[in-house]
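One chain is shown next in structure tokens, namely the form predicted on its own.
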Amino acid sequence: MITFTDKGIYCKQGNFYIDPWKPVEKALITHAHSDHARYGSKQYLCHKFTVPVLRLRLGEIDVQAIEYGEKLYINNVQVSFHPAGHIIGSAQIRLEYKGEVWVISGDYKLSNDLLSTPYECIKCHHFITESTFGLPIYQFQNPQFIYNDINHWWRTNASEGYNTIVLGYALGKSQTILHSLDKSVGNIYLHGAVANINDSLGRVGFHFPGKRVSEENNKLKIERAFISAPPSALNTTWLKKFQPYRIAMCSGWMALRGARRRYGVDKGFVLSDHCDWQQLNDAVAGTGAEDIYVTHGYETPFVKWLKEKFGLRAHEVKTFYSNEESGEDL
């Protein structure tokens, strides 16, 4: 039912694409990160929470919203969206045609970040999975422990007269951090990129603390505050207004020795919107699928592991997906 083409993941029977990287007639979108949701397609279908962010990033597009678990038919293919746990509105897409079931997971995680709709395991014959952290060295703590560490660090910094800057991807990571902040510690400020996403999500009922850093409050003396910003703000003049400050990076890559030093930050928090090694294994096992298609990340070693350890028919698939946990999307 599914083929991998130069435009993206294609369902012939339904004549639609999932997260296409080139313009197509009909695009089903797992979530609004820029490597999965691209401009130029004629029609889009996504979860209702994703709609405002998709419009923020892609403009006035023709987009249809769908609820989790809602079933619709596209050219006799039954389509439904199910929680992926990656970010707000992220979805796995289940396809069924003549008894054959595929699940395209997009990006996902099994740990509960206390904000996104938690991951739902879907039984299927064929499962397409990412492998961003598909090596045994990646073992992540429960996100609640990381939120507690961030709050403790902010309190410590504030007591010593420092502002606290925490860098995390503007869509996803920033919202989970803001959602779990101890607002009693001090004031909260937002980089424009984070504020724009928050404003969009506010249209579907999600509200987060913090004031946008603007020309108006640029003149205010910001002390002992928490500042949420994307990784692209690192080493920019925008940060100067918050001196003195301590700065941290939130990323799954902070699990690697030397990552904090390489980015030149004071602290690294190991916080990811993706599965770690054990979660990937649990997800694959939970689907009951015998055919596993492994995309962006550590495809080769994870495919080898699935074949040798579990005897599955695992296939390495090269896609145009970038890795949100690298570059600007740390």
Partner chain sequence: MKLFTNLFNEIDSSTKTNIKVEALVHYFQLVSEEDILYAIALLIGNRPRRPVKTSQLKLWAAEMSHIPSWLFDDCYYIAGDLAETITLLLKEHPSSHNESLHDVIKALQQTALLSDEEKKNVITNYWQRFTGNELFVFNKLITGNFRMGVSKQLVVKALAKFLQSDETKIAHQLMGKWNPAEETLATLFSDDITADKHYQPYPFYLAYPLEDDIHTLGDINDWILEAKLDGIRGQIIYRANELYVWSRGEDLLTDKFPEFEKLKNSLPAGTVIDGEIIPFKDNRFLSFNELQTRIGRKNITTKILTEVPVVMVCFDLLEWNGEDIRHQPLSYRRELLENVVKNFNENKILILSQSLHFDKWNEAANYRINARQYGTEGLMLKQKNSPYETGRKRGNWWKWKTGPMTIDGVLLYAQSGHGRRANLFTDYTFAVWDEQKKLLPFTKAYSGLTDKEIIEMDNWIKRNTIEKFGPVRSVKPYHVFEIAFEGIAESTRHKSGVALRFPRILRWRKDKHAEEANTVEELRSLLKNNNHE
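Computed from a predicted structure; not experimentally measured. Numbering follows the first chain given and starts at 1.
Another form exists, predicted in complex with the partner chain; not displayed. Remarks below refer to it.
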TODO: Give a yes or no on whether every one of Tyr138, Arg261 and Trp277 sits within 4.5 angstroms of the partner chain in the predicted complex by heavy atom.
DONE: yes
Task: Selected contact from His207, Arg257, Lys71, Lys183, since only one has a non-hydrogen atom within 4.5 angstroms of the partner chain in the predicted complex - done: Arg257
TODO: Would you mind picking the one in Tyr44, Trp305, Tyr293, Phe269 that has a heavy atom within 4.5 Å of the partner chain in the predicted complex?
DONE: Trp305
- [ ] Look up in the predicted complex whether Gly288 has a non-hydrogen atom within 4.5 angstroms of the partner chain, and give yes or no.
- [x] no
- [ ] Please run the contact check for Trp102 against the partner chain in the predicted complex: heavy atoms, 4.5 angstroms, yes or no?
- [x] no
Open item on the list: At 4.5 Å between heavy atoms, is Tyr119 in contact with the partner chain in the predicted complex?
Closed with: no
- [ ] Answer with yes or no whether Trp253 is in contact with the partner chain in the predicted complex, where contact means some heavy atom within 4.5 Å.
- [x] yes
- [ ] Look at the stretches 261-269, 63-71, 24-32, 48-56 and give the one with heavy atoms within 4.5 Å of the partner chain in the predicted complex.
- [x] 261-269
TODO: Output the sequence-ordered list of residues from 10-25 with at least one heavy atom within 4.5 Å of the partner chain in the predicted complex.
DONE: none
